[in-house]
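As structure tokens, one chain now follows by itself in the form predicted alone.
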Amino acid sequence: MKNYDSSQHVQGTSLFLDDMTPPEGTLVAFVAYSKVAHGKIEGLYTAAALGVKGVKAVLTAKDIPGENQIGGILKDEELLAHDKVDFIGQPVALVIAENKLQAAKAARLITMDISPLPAVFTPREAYALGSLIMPPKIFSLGDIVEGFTTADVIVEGVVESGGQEHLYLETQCAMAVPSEGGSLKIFSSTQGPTVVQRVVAGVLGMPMHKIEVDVTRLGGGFGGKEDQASAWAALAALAAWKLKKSVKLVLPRQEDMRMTGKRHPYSSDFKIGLKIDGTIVAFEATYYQNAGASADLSPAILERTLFHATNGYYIPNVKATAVSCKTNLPPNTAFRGFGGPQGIFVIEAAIYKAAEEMGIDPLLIQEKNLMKDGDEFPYGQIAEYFNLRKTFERACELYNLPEIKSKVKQFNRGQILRKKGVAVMPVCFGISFTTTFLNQASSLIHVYTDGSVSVNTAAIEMGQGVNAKIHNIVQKVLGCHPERIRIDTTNTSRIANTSATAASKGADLNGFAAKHAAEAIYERLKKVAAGLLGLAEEKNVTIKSEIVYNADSPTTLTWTELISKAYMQRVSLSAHAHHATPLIHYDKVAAKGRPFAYHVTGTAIVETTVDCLRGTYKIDSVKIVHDIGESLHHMVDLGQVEGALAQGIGWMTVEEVIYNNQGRLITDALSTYKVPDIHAAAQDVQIEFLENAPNPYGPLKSKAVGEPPLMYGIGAYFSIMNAIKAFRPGETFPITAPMSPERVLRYVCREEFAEMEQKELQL
């Protein structure tokens, strides 16, 4: 199995947006933004910027011909701030010049008089003030009050999880090119072409058919370009419409980090009740989500947190409450996992704290409560084809967990300043957009008269290998050679009404749509072949490696001959197909239904070593058994598990998003924001895909892979925590992520850092 994108990347021939040759005379845009977190705009002064050589225009909110609005779920986000600003980094004006240096210089000369208003930066403070994006949401199952009355042990606690910078290699960017008839063609680095099309049409007051959006590929997305790419495309489009010239906007790295939202930080409370044997009888949680200044995708992300409140455990009595809190930070947005990791981290923390209280291994509680087919999730869906226990048992057996734990204990007995920890991380993740109507996709396939094939879908290739998977599906259906197939760019004029490539559904939705279109052409070709071979019916006709077979016998009819004959007989060699995920439904009012097509499960065993003198640590090994169904592309899936794991470990350990008390991001560069590098990677990563686990709800019996493996990184947190507890036996520690080396040092040197911790809490 080849991934043609990988070959092009290493040769340097892949074209990203900034590699494209722009039309002659293309102008460059640069954004001027607020330096105040919250305030009323009293004056905006652009004369100095307009005096810079090469500057063609400075646009503000009054230049918008349509609606000054880019909010998706809620209409609460202006494209350009009009009378007040809500966060540092909010766009206020747009400079258009002949080149980037001129535009950047002019943007720095724009000044603003802003009267400060009270600002809030933490979700609990916002909640206390009643500053909410929407009313709280609640998921429940059973009787939570009755459940706690039957518990032998009840444990309560607080869990803090931090944000995470997407840090895609290609920053946010777009280029808008005027077309005839007042139309625009937009090249955008977006995961959601139709979202860009809709937003731009609204901003310019145009019908959507006058806006064409084309996406070649992205240099990474991770959710950060699902909704937030729209603003930059709309700004480029506004400038192009106003000046009747092509306009390109590419955010510099630091501006990208300052102006865009991150993974949502959460502050959560939990209460868990258990029987003495470790059976969980009740679980209650409240999640305070830091949404930032506007809704963006926060309501949907919050909902997915609730969907994953119990991970893969069966708990008969559950009440989960989620609150989206409005703060004066950049609007936080989608990030790989989409709220699921925040929910899973809380239930794992609750189990960890309960085990600590009971004096037992968390593994005993985890294993005792794993779900099985027929169990009910809090949102009403019944588990089926559910392989979590299989992956759990296989991981413990394959990697010999008892021996790992024995060696860790032996190591810790022989060391004073270095301690090891081990943790087991089971993962359950639902696959589908939880907004039901988004679970649809289309495909358009053309077979040309020379036998070559063009495939169009709504899938966005952003390094995850979705094109390679769709390529394999079409090739397997048609029976032609792989090199004949080309996956085209994603374009709203060829494929309309696209759902974003997100929610781990890119390969599922678009793979099914491509499969349906390919099958339609294949059935026509079989009928033509049967006629050419003099067969009464086509049911025994197949095409394998470009040879037409009658039953199991090859004939002399080849692929190219068949295509030529089909064309001469005026048989259509094109097909458009649509796929909508079957069976799913969800009642948002009742908070019950079947929101997911299926669940992906897996189990990781994570081992770490902590230097308790320095606070540093290394991830010794991560050993995984993952349920992938029947893989569409083994190497792509393996790479996705490895990449998601690294990103999950980063979120739980070294990645820390820090704002100061004025709401300014101080981790706004690669010198201040730490991401995992080769030294932070696990020393030993072993991955086995669960065998004999076909998925009837996936294309060619596969399962999605993009998001679920990120949650394995949560195991690194608890593995490090176990190493700290080996150094400080009998002590308890707050559950606060990320577990940075600084935090480890504070935990292992608690007396020395007590005063510092108190000051941090006060801040």
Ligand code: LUZ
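Predicted model only: the values in this text are computed from it and were never measured. When you see a residue number, it is the position in the sequence shown, counting from 1.
This protein has a second form, the form predicted in complex with pteridine-2,4(1H,3H)-dione, left out of what is shown; the following refers to that one.
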*So in the predicted complex, does Phe433 come within 4.5 Å of pteridine-2,4(1H,3H)-dione, heavy atom to heavy atom?*
yes
_Heavy atom of Leu438 within 4.5 Å of pteridine-2,4(1H,3H)-dione in the predicted complex_ = yes
*Closest heavy atom of Trp232 to pteridine-2,4(1H,3H)-dione in the predicted complex, within 4.5 Å or not?*
no
*Touches pteridine-2,4(1H,3H)-dione in the predicted complex: Tyr266 (any heavy atom, 4.5 Å)*: no
*With pteridine-2,4(1H,3H)-dione left out of view, which of Ala503, Val215, Val474, Ile315 would have a heavy atom within 4.5 Å of it in the predicted complex?*
Ala503
_Contact residue in the predicted complex, from Phe283, Phe377, Phe338, Phe512 (heavy atom within 4.5 Å of pteridine-2,4(1H,3H)-dione)_ = Phe338
*Stretch in contact, per heavy atom within 4.5 angstroms of pteridine-2,4(1H,3H)-dione in the predicted complex, of 525-533, 495-503, 541-549, 359-367*: 495-503
*Listed by sequence position, which residues of 679-712 have a non-hydrogen atom within 4.5 angstroms of pteridine-2,4(1H,3H)-dione in the predicted complex?*
Glu707
